[in-house]
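Quick heads-up: it's one chain on its own, the form predicted alone, in structure tokens.
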Amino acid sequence: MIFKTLLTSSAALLLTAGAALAQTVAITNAKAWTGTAQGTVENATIIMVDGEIAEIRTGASSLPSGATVVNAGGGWVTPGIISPFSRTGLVEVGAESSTNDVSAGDSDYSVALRAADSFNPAASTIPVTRLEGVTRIVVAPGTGSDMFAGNGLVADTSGAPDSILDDNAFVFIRMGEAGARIAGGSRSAAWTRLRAALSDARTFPARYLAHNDGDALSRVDAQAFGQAARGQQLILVEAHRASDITRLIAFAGETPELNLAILGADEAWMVAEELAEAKIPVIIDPFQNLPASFEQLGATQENAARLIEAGVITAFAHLGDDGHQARLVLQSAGNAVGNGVSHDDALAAITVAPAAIFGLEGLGSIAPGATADLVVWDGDPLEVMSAPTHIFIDGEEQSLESRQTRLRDRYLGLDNGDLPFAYRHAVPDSE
């Protein structure tokens, strides 16, 4: 249903005589899953020009002069996969605090904290994530001493210094059990703090002229919360229990100007119809099926299928080790197919749906005018043994190497390689 309801359409970008002078790539003989009304196009040819998709057509017609040609060999081609929640690039070694910038428990600030200030595009986890076909990542800060974690970002996985697409993409807030604990010990305390924070942000700077603090937020945090409080920035709220989600639905009705999405939502299937009516999207891990806490007693692997069937915009994430394993979003989507989600809807949940939630225009689909984030696969993208053979970000082909692949290649064939044993030392001949 998501595949049907989140169809995108773009104005056709015609190839001109001058297109041959631009950077042009043609993927031929492809089984292209487009994420649009075209559905899956067999024997497709996809033309990319200067980082955009210029054309998708059927058959082996003539190609632009000078184009670089990639023959997909009849294999799948999909839009680049979008991981809609992670801490990739914020942490290198989880147990080593000097490499872990996920949260700031001792900071005086909350909403004003920006994940972009800590994001490292050269982190070893970036290419590892890219190798699974993930071309865009949504990165959120973690909560410290406040239920307001701060501002999250969207980046590509090229590893380039300028890989951040949006450094102010959303504000992340934890409600439910976690928010209650941080805010003072109860859900009532968390909701009171949220309402007071919205009031501070909406009246900024008037109530701050005489002093630095509002009812809930400091001057710096109130200013940072202003866009979200006026509906100009997404507010991503973590909530799991059905009653917490119901409260968020009611809150959305009271504050229709806000742009809300829910993360976690393990019991969302219980209120799926209400979520669909309120048009509140969710980001879930379809493999969350165990009651890891009291707010997840109703967790089920059928959560995804029931939400999508109800018409809720549903994106999939891997919410386990989200600093190092965001790439497992594809495995989460495959598990969803095993529990009642259609193949099309599962692919849409890791492309079309996250693009819609975070307002990523031109991403998540294959259509004329769309950004040329494409992945060529050696099998079904949702099969755990499949892997990309070619990955493009903004039309640029990406490396299929990572620290892990280099270590594999280094130590699998020591006897046949040119490199010496790094851990062996020559023993001097005895006299």
Partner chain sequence: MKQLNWAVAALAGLALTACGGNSDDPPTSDESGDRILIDKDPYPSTYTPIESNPVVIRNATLLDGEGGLIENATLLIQDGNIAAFGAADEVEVPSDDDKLVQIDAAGKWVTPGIIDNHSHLGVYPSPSVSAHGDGNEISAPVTAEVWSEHGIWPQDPGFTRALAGGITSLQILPGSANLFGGRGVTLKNVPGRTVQDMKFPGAPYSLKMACGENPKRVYGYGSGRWPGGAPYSRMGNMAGYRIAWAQAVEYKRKLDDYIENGGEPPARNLELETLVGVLEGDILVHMHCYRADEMAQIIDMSHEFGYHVSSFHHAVESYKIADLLAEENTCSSMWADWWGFKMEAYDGVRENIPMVHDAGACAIVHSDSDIGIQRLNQEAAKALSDGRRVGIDISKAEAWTWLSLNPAKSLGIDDQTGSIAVGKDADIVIWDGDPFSTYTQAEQVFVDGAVVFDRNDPALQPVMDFEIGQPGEGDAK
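All of these numbers come straight from a predicted model, not from anything done at the bench. Residue numbers count along the first chain shown, from 1.
Not on display, but discussed next: the form predicted together with its partner chain.
Put simply, of 227, 192, 107, 339 only one has a heavy atom within 4.5 Å of its partner chain in the predicted complex, and it is 339.
Note on contacts: among 196, 220, 160, 297, the single residue with a heavy atom within 4.5 Å of its partner chain in the predicted complex is 297.
In the predicted complex, its partner chain lies farther than 4.5 Å from every heavy atom of residue 184. By the criterion of a heavy atom within 4.5 Å, residue 251 is excluded from the residues contacting its partner chain in the predicted complex. At a distance threshold of 4.5 angstroms between non-hydrogen atoms, residue 132 is in contact with its partner chain in the predicted complex. Interface residue remark: residue 380 is counted as part of the site for its partner chain in the predicted complex, having a heavy atom within 4.5 Å. Contact annotation: its partner chain lies within 4.5 Å of heavy atoms from the stretch 398-406 in the predicted complex, the single such stretch among 62-70, 398-406, 362-370, 29-37. Contacts with its partner chain in the predicted complex, taken as any heavy atom within 4.5 Å, map within 302-341 to 302, 306, 321, 324, 325, 327, 328, 331, 334, 335, 337, 338, 339.
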